[in-house]
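One chain follows as structure tokens, the form predicted alone.
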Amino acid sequence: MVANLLFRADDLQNYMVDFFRKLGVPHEDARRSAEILLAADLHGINSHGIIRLFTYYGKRLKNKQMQPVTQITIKNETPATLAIDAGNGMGQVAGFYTMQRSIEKAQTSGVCFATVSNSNHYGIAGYYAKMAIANDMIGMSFTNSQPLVAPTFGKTAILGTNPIAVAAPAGNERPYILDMATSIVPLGKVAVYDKAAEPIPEGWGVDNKGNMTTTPAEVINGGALMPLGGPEIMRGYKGYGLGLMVDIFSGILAGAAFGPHVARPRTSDDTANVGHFFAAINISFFRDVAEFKSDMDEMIQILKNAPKAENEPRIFIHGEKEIEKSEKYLKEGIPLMETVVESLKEAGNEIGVPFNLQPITI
């Protein structure tokens, strides 16, 4: 079993701010980017958190493949739409700005749809969708990413893991926060099995001939992940369709790269030109907000009180596990694998920001 070390959330965030600032990112942008990366670790989505600090951000900033200062340009704008060019800057900075502007526009227009081109990895999609909740709105956030997923009946990675996030407020219940990839699993999960020399479940990926494989290395080296659902017999074409939908909104509509044109950050010197899509929907333009929240509560209660399967004590609502995990980690510390900590130490020494944080002892 891989050992974990616990670190205080504030310590990790402050370290990431120092790391970004060392690479030329302005303080407020560094703080925002660190906050969003930390949100991934707090919610147990460690594939999108501090683990990417050097493997993605550090390397691309150091090699001038992305810009430390995010110069946002408005390409097109109407009362209910917004199209942004992120200037090859920090995805979190562009994402936060665009979702915030979308919420502001929806205050008066009822809805706002926004796109971002010429961007980079922006963290977890759910962070931006969740921003709408405090304003009594429904939020949506999509992003495309480097090609890792083969289309149904294909053998080559064409689409990214292309997540979909939707958040809606409730009354007394916790909000609904869906944040899901359109691939069956992230590539990082396959890599964990590879390091452990264990087979992956059948249906997770294909080899370079398009045959399903249980050997992780065959997926990583020349193969591809399968879309949500897996093979065609398990209706994997639905996940394939959702992944393509995200690329249409985030890539093609945004005027960003799409499909295989999104640069692979570890094997390409090109700018990524990642694209994002955001939406804010003002509930009050459709119905009374209190009544909406009351109905949300009722729907959630119906689901949570539904008859449980044998030996299953509880039914969850999307986002509930992550919220509870965040509450736990804020109190007890965020777990990082020892291998991740060692990588952070190496990266910190290389950049000139030593990772000297002390783990928490419980």
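These figures come from a predicted structure and were not determined experimentally. So that there is no doubt, residue numbering starts at 1 and follows the sequence shown.
Separately, the form predicted together with another copy of the chain exists; it is not shown, and the next lines address it.
Novice: Just one of 126-134, 216-224, 94-102, 112-120 has heavy atoms within 4.5 Å of another copy of the chain in the model of the complex; which?
Specialist: One stretch meets the cut-off, namely 112-120.
Novice: Within a 4.5 Å heavy atom cut-off, is S183 in contact with another copy of the chain in the model of the complex?
Specialist: Heavy-atom contact with another copy of the chain at 4.5 Å: present for S183.
Novice: Within 4.5 Å, heavy atoms only: does H261 come near another copy of the chain in the model of the complex?
Specialist: Yes, H261 sits close enough to another copy of the chain in the model of the complex that at least one of its heavy atoms falls within 4.5 Å.
Novice: Answer for E202 alone: is it within 4.5 Å of another copy of the chain in the model of the complex, judged on heavy atom distances?
Specialist: Yes - in the model of the complex, heavy atoms of E202 and another copy of the chain come within 4.5 Å of each other.
Novice: Counting only non-hydrogen atoms and a 4.5 angstroms cut-off, does K331 reach another copy of the chain in the model of the complex?
Specialist: No, K331 is distant from the partner.
Novice: For 306-320: residues with a non-hydrogen atom within 4.5 angstroms of another copy of the chain in the model of the complex?
Specialist: In sequence order, A306, P307, K308, A309, E310, E312, R314, I315, F316, I317, H318 come within 4.5 Å of the partner.
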